[in-house]
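First come two forms of one protein chain, each written alone as structure tokens, so that there is a structure 1 and a structure 2.
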Structure 1
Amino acid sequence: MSRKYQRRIVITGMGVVTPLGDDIDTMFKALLEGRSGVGPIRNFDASTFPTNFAAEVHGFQLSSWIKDCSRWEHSGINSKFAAAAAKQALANSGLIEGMNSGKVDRNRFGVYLGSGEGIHDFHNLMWETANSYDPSTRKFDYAKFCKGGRESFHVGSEADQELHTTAMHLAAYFGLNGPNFNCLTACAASSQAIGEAMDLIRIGDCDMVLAGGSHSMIHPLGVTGFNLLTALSTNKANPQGASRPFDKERDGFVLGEGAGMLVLEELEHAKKRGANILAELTGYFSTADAFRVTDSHPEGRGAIACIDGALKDAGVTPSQIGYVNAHGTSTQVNDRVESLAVKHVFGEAAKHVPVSSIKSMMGHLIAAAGAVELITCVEAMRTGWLPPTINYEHPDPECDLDYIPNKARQSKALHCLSNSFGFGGQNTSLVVSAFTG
């Protein structure tokens, strides 16, 4: 046995901020009830956009979780979401009071995030751009733009645009001095971060890692970009029914926002400090389609290899998987290819494994999606309830699996598969298992 597999990794803490609730119990209850978090966009005036709805986080206050919020005064919402979810995860793991107990070596406690780009100072950027353009001469005055920018742009907000700043905030605030990374592999980002954090522990570089992701693209540039790609649903007549994974009439995904954080820990380390073990992270694999920026390979080659690799890494067979949390974006290509990949890897077992997409209820959290979906798998194992795929009304002959349509199902799962397949063809699959000692 290689050194890589001698160290087992368990999950000892979790936290979320989502359109369905700012804590795990509230979120999971809403999922089981089949509630939708989709509604009209409030973050900005989207009335003229082809898509004017999203799954936003409403009523969020960082001060509900962090006593001194001054560090995040000029941060983007993604960093604030991350801070709140991280505080929950660390508290859930017994680490807020226990960090100075002598049982935790801060130098061996890392941070690995899959978090999106930071704050967008859209108003000032557009104002300075327009103010520096002379329509009569059709020339742009760069000197005027720079002068105005120095006066209107805030140094803290500008710094928080960098991808590494969210992970930096968490490490500095919570005193986590181990390896610190952030990856942004689109919709696979936080799943990949969790998988690579798992490997950091496996090879002995860390004992613990705070891993997960945070993201919000519900802003003018984000919605514009996805509309230009024709990736978003334009079902303005029925926003809450717009996200309909695997349904024949699906027409695109719905943007969501939020964060999911987990404390990953080496098993013996967790036992020594008396941690409450929630589940065991047993499998991880990542592949690239190397095909197109926005489309999965039509034969599902990358997804097939990814799912197969994660199952082999976990040492489980397809028939042992009790639940698949699908990437399930509600786009025509993605849902068809993911269904094809599951059928290819699972064979006859594909007919019997329950599959669902929680994006039907909370939209697509982009970089944060994978972490929140893995947390959903843990809750499904712990409670014995599987969340549904809502808005499933019209079966698609090319998507012919058991998608747990519209109503939660009571079922015992000992192993769950969570898929994240991102733009650019980045694929990540994780296997999480009930901890049995």
Structure 2
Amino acid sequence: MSRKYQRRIVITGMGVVTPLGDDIDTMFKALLEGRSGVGPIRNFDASTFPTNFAAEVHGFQLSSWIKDCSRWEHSGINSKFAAAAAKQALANSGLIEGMNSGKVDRNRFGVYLGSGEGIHDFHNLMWETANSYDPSTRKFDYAKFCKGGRESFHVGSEADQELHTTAMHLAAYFGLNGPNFNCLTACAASSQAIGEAMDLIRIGDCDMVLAGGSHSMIHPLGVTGFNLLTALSTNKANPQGASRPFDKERDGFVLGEGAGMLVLEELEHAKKRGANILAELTGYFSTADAFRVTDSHPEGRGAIACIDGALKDAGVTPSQIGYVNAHGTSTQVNDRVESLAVKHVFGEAAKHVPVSSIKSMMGHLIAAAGAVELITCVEAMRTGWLPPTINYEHPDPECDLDYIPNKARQSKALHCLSNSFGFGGQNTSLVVSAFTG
């Protein structure tokens, strides 16, 4: 690996909340076992929706992570998932105690999240909408809506829907007084947040950044929106078989929810405080397809430039990559274009590189997906085990890579690539490497 940056960035803490467990060990064990976290939607009555299943987080209580969680009383679930994952990551990094005793400079400890939007108060919003509307004349009475909304909306939960609140809560609660960012680039958001967080450390603005994302779109308007776009699988007959990335019979993605958080730290800073170094974050790149809001560029121009850029940023060649954690959503277009892009950049090395999509097991965590997938790469390097793509049954001639079908595989990876591609043509790739000193 070339060393073009003076400041190297390592991962010293990680935390997750996912449909397959709300700690890293439980989640990773489930991934290696090839378990599906998909089931009937319980968050709301979705029984008549075209898609009535998802990978949900069940039994989550923020109070099991944070004793005094009063500041999250009116927060949406995004913000609560983020807080629990952040607490794990900071504790894992040995920081909860350290920060209290003033061992790290809070002013150089930033937050960069790719955390999803707040969730509208669906029932009140739509009831007041209906109450202000006359379908026969199609006239909308705005004054009536304003009056009704002011009566029925809850002040605290409305305030906490605003897009800057998740990162604010984490910074305020944990005392992280450096730069505070949140980006929202659809399904690429938390990967992009991690990449930009790395840059904040590289250029010297921060020594540490809490980076990651959180999201749930398993709510009436979320499922409505994705169903209308026909992006979700409607395989009601076999929900656990619905997310089948790279399989010829794939018919859309399955929604998941959760959060992934990482503590990124400048190498010398980590060494000095004796932190446990889990991996080194070595490469990042982001591009735009600039093509269409709904579809990826058919020849994958944005994805190709993105993967290529991230490998160059890391100073690694395709043949050095031991595992690709694919975006692999299980939609026809994504999986075809992503396979195409990997083949284009990897050339001959594409024939040998193992690729898998954990979305086959935990669904698509949207803004949070990239962070959880990067954490999966780190665990894969640490344990020497690569998670499979489950539900892989029918090979697709256009998707002809080694997708680690159905069974985890023992394989030592030293460098991993993690891809995240989002609606609107957002592409982000990260390279994470085993820390070798």
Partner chain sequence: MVNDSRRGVVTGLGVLSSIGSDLETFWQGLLAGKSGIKRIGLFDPSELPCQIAGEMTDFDAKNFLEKKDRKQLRVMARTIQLAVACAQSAINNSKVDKSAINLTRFGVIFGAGMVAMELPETADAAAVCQMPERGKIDLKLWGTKGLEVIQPLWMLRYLPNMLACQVSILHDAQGPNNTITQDDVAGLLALGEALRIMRRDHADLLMVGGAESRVNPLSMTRQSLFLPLSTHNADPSKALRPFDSGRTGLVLGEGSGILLVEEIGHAKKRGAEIYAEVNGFGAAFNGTDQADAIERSIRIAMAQAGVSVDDVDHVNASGMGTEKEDRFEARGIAAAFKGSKDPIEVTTIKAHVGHLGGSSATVELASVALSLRHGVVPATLNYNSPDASCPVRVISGSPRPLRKPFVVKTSFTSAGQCAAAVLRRHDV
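So that the term is clear: the rigid core is the largest set of C-alpha atoms that superpose within 1.5 Å between two forms. For numbering, take structure 1's sequence and count from 1. Every value quoted in this text rests on a predicted model; they were computed, and no experiment measured them.
Name the structure that is the form predicted alone; the other one isn't. Note: form predicted alone is structure 1; the other is not.
Once the two forms are fit on the core, has residue 151 moved its CA by at least 2 Å between structures 1 and 2? Residue 151 C-alpha, core-superposed: shift of 2 Å or more.
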